[in-house]
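Before any questions on binding or motion, here is one chain by itself as structure tokens, the form predicted alone.
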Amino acid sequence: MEKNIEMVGRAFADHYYNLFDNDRPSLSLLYQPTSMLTFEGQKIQGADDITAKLIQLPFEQCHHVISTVDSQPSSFAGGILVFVSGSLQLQGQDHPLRFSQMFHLIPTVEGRFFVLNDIFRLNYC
């Protein structure tokens, strides 16, 4: 079971950052009306508002590089907590920015997952 949770967490992280870097509007498919994003301390609820926030970020292109993905089961039946650390490179910038992000994935009746909670922070040294 633990190996399966790690595989799901890694597959989700790869999928999420691929969408973020290449098709940001499609991230809306990963959220639901009950989802909440905390982005650098700002709380946003609902798939539409979360997607609007992510699309309106002040850069058009970026590239995420994942360093670590840690996953564990949550107390919600079938839920998974995924903690990601890595860097993102913004177009036209010389230095990548370090980030951490946590996702709480909840299974759907269709056998997929949606993001109930998402917390993102840049890591400043």
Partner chain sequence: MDPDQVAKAFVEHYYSTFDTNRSGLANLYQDGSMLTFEGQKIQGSQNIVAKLTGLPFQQCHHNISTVDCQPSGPAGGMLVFVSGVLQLAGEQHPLKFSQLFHLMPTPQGSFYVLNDIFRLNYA
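Everything numeric in this text was worked out from a predicted model, so none of it was measured. Numbering follows the first chain given and starts at 1.
Beyond what is shown, the protein has a form predicted in complex with its partner chain; the following relates to that form.
- A residue is said to contact a partner when one of its heavy atoms sits within 4.5 Å of a partner heavy atom; residue 116 meets this definition for its partner chain in the predicted complex.
- Its partner chain in the predicted complex comes within 4.5 Å of no heavy atom belonging to residue 88.
- Its partner chain in the predicted complex is not approached by residue 24, whose heavy atoms all lie more than 4.5 angstroms from it.
- In the predicted complex, at least one heavy atom of residue 38 sits within 4.5 Å of a heavy atom of its partner chain.
- Taking 61, 93, 32, 100 one by one, only a single residue has any non-hydrogen atom within 4.5 Å of its partner chain in the predicted complex, and it is 100.
- In the predicted complex, 68, 70, 71, 72, 73, 74, 75, 76 are the residues of 63 to 80 with at least one heavy atom within 4.5 Å of its partner chain, listed from first to last.
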